[in-house]
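The data below hold one chain only, encoded as structure tokens and taken in the form predicted alone.
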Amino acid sequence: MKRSNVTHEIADPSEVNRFAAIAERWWDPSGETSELHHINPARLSYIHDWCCAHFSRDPNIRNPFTGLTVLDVGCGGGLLCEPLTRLGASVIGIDPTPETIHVARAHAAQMELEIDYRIATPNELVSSNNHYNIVLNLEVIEHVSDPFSHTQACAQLLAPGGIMVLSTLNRNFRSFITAIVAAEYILGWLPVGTHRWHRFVKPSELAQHVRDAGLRLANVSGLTLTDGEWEVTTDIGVNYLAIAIKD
């Protein structure tokens, strides 16, 4: 059943504090965010291809996103904001963690990139009545206290005809073994406690959140580690990406 407008905050203070502790090392490819650095090319390729197709942009030109506005929700240190700015987009990055926003601003200045970084949550932006062509909602929903309210707030910030890109982790035994036991405890790819398995989101649940928020689910694809490199696949058993459209 569709619920009413978002009225409460969904940022989890314990998650904010955990990301604050690693903020200064966000751009260290061998630090706690190393897997984000590793996974970023595949995510960026997915965003690039789907948004170029959706907005009828030439994917072969240098700045295909010129004239488009992008809101990166839970932007962290700006790993996606910077390449999207280079693709021509006007990028706004929001995150509830002040420390990561400070790092993002400093790194953008160092790279001589103009990016509007704000300490905020999607809920706090809804009242501004601003809308964006592209809303990124990547590796965020599994860290919030209310996935539905979070998705609805993001949907309200999406302009008519806009596209939302989401990613999260499936909730099943396989994801528990690979994304938590192996990635955090055995291989050490992620700090212990990065994920809480009960907050992983099944594709069917994400689809319901998207539909209840008034969006159309256009694609669900897997994000799979193959021969040491992340790539977009049909295997949605653990990590997966999704496209939602505001018709």
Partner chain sequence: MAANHQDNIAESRFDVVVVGGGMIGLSLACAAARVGLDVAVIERVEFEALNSSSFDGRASAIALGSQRMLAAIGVWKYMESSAQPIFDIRVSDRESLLHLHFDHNELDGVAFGYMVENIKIREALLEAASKYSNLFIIAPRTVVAIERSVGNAAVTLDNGRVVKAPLIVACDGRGSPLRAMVGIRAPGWTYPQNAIVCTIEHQFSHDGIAHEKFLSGGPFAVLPLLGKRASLVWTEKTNLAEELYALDDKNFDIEVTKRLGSFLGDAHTIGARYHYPLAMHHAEHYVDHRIALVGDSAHGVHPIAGQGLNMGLRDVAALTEVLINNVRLGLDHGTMEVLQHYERWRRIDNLSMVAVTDVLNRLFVTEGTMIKFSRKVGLAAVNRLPPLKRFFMRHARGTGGSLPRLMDGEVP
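Because the structure is a prediction, the values reported are computed rather than measured. Numbering follows the first chain given and starts at 1.
Omitted here: the form predicted in complex with the partner chain. The next part is about that form.
S.K.: Might residue 56 be said to contact the partner chain in the model of the complex, defining contact as any heavy atom within 4.5 Å?
M.R.: Outside the cut-off, so no.
S.K.: Test of understanding: in the model of the complex, would residue 48 fall inside 4.5 Å of the partner chain by heavy atoms?
M.R.: The answer is yes: residue 48 has a heavy atom within 4.5 Å of the partner chain.
S.K.: If we define contact as a non-hydrogen atom of the residue within 4.5 angstroms of the partner, is residue 37 a contact of the partner chain in the model of the complex?
M.R.: So residue 37 counts as contacting the partner chain.
S.K.: Would residue 111 count as a contact of the partner chain in the model of the complex, using a 4.5 angstroms cut-off between non-hydrogen atoms?
M.R.: Because a heavy atom of residue 111 falls inside 4.5 Å of the partner chain in the model of the complex, the answer is yes.
S.K.: With the partner chain left out of view, which of 158, 140, 153, 87 would have a heavy atom within 4.5 Å of it in the model of the complex?
M.R.: By the 4.5 Å heavy-atom cutoff, the listed residue in contact is 87.
S.K.: Looking at 171, 131, 118, 107, which has any heavy atom no more than 4.5 Å from the partner chain in the model of the complex?
M.R.: None of the others qualify; the residue that does is 107.
S.K.: Want to guess which of 216-224, 66-74, 39-47, 200-208 is within 4.5 Å of the partner chain in the model of the complex, heavy atoms only?
M.R.: After filtering at 4.5 Å, what remains is 39-47.
S.K.: Note that the partner chain is not shown here; using its position in the model of the complex, name the residues of 217-238 with a heavy atom within 4.5 Å of it, in sequence order.
M.R.: Just 229.
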